[in-house]
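Just one chain follows, in the form predicted alone, and it is written as C-alpha cells.
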Amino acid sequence: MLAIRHLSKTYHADRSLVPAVNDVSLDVPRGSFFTLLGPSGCGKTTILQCIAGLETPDRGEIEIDGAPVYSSTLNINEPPNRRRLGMVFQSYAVWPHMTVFENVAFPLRQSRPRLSRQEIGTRTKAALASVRLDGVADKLAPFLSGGQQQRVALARALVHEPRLLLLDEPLSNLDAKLREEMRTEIGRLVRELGITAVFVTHDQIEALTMSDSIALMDGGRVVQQGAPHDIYYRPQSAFAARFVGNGNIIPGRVALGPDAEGNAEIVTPFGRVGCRLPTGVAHGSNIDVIVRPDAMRVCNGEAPTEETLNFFRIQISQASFIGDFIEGIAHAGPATLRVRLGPHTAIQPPYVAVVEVLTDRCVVLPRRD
C-alpha cells in the first residue's frame, strides 16, 4: 500500500547539514496499523511529513497504491492536496469559531469537484457517528473536552475517505486516562473501517498496544522493524532493549559452550547464566545478555548456592510502587538492574533477595564496544 525506498532528508542548522532521515526504506501493507517509534529528533515526524507532502525529501521514492507521489529520479512531487491522505496532528487543530459539524465538513466543502449540500451532510454525519460525536454536532469546538476535540480532528481526517491516514503523536496532549481511552478508540476505528494508518509516537505503550508492525528509529535510521511482540522480546540492539521496555543489559562472557543446541553458560557480574546463543557467537566471546524486568522471578528467602545457574543474590536499594507491580533498583557489586515484585510485596530498602533469570526469556547480543 505504502512503499518508501532510500528516503533521505537533511536540514541546515548552524551552517552545517543535519541528517534527519538517512536512507530509510519501509513497506506498509494495506489495512495495517504501522508505527514509527523513537526518541525526539530521530526522524519519525520528518518521514510522516514527507509522506504527506509537507516536506520535500532530498532523495528517494514514495509510492501509495503503486503510484509514485514523490520520486527524486523521476522528478515527481505531488502536492499534498492530490495525495488523498488524512492527517491528524499533535495539536487538536480545530477551528474555534466553527461548530463540530462545520469543522468536520470543511474538507468536503473545499473538495473538487464540488459536492452537493446533501452529500456533505451525509458524509459528515457518518464521520461524526464513527467517532461517536454525532450527539455534539452543533457545539462549538472550544466547549469540548480534549478527547472530544481530538476525535473531531480524527473525523475531519476521515471524512473525505483518504487512502492513507497519518497520525503525528495525536495523544501527547491528553492526560493519562484520555490517552488510554483514545488508544482504544483509534485502534477500534482504524480496524473497523479497514484503513491503512501510519502512526508516529515516542511512547512505547502506544506503539506496543496499537500497532500491527513497528519501525524503531534512532538517528534518522530504522534500527529494527517487526511485530510488537518481536520488538519487545527479541531486541536486536542495546538501544532497542533500553528504549522499549527498560531492558537490563548485563555484560558477560561465554564460559562454556555453545553445545549442539546452541546453549551456553555465561559469566556475568551477577553470577552464571545459562541461555541460548545466536549463530556466530563462539566460546570466549564478550556478549550482552538482555533481560527484561518481567523475565526475572524474585524468590525472596530462597538462597541458592554459588554454583546454582540462573540465580542471583541482589540488594534492592530503591523501590517504587507503580500500581500493578513494584519496580526495584537492585545491585550486585558494581552492577545495577531493574526488577519487578508483586504489588503487595512487603519491602523496605535495603532489601536482600534472590532472583531467578528465566532461561527462555534471555536475549544474547554480540558486544559492540
Partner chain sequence: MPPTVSALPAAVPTRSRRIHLSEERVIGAIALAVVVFLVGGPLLMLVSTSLNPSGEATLMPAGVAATNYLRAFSPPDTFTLIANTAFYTAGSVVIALVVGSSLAWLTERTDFRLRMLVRLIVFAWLAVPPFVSALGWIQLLNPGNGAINVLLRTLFDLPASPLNVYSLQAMIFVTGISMSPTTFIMISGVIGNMDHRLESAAQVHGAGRMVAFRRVTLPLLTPGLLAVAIFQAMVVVQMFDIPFAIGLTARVPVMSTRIYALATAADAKPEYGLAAAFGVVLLAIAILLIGLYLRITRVSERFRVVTGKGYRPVRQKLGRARIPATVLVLLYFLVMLLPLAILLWNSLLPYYQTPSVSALAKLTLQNYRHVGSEPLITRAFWNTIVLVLSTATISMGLSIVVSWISVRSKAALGRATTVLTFAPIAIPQIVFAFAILLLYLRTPLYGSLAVIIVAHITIFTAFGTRMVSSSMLQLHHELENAAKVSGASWLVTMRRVVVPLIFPQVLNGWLWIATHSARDLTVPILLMTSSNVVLASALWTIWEYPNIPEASALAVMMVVGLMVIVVPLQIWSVRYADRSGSSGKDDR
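Numbering follows the first chain given and starts at 1. Think of the rigid core as the biggest set of C-alphas that the two forms share within 1.5 Å after superposition. Source: prediction; values computed, not measured.
Another form exists, predicted in complex with the partner chain; not displayed. Remarks below refer to it.
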Want to guess which of 323-331, 310-318, 51-59, 34-42 is within 4.5 Å of the partner chain in the model of the complex, heavy atoms only? 51-59
Would you check whether the partner chain, in the model of the complex, lies within 4.5 angstroms of a non-hydrogen atom from each of 68, 82 and 86? yes
Can you pick out, from 237, 172, 77, 122, the residue that has a heavy atom within 4.5 Å of the partner chain in the model of the complex? 77
Of 229, 177, 117, 97, which residue is found within 4.5 angstroms of the partner chain in the model of the complex when only non-hydrogen atoms are counted? 97
Does residue 367 reach the partner chain in the model of the complex, with heavy atoms at most 4.5 Å apart? no
Using 4.5 Å between non-hydrogen atoms, is residue 263 touching the partner chain in the model of the complex? no
I'd like to check something about residue 107: if you look in the model of the complex, is any of its heavy atoms closer than or equal to 4.5 Å to a heavy atom of the partner chain? yes
Applying a 4.5 Å heavy atom distance criterion, does residue 73 contact the partner chain in the model of the complex? yes
For residue 71, is the CA shift between the shown form and the other one at least 2 Å following rigid-core superposition? no
Compare the position of the CA of residue 118 between the shown form and the other one after a rigid core fit and state whether the shift reaches 2 Å. no
Quick one: once the rigid core is lined up, does residue 256 have its C-alpha move by 2 Å or more between the shown form and the other one? no
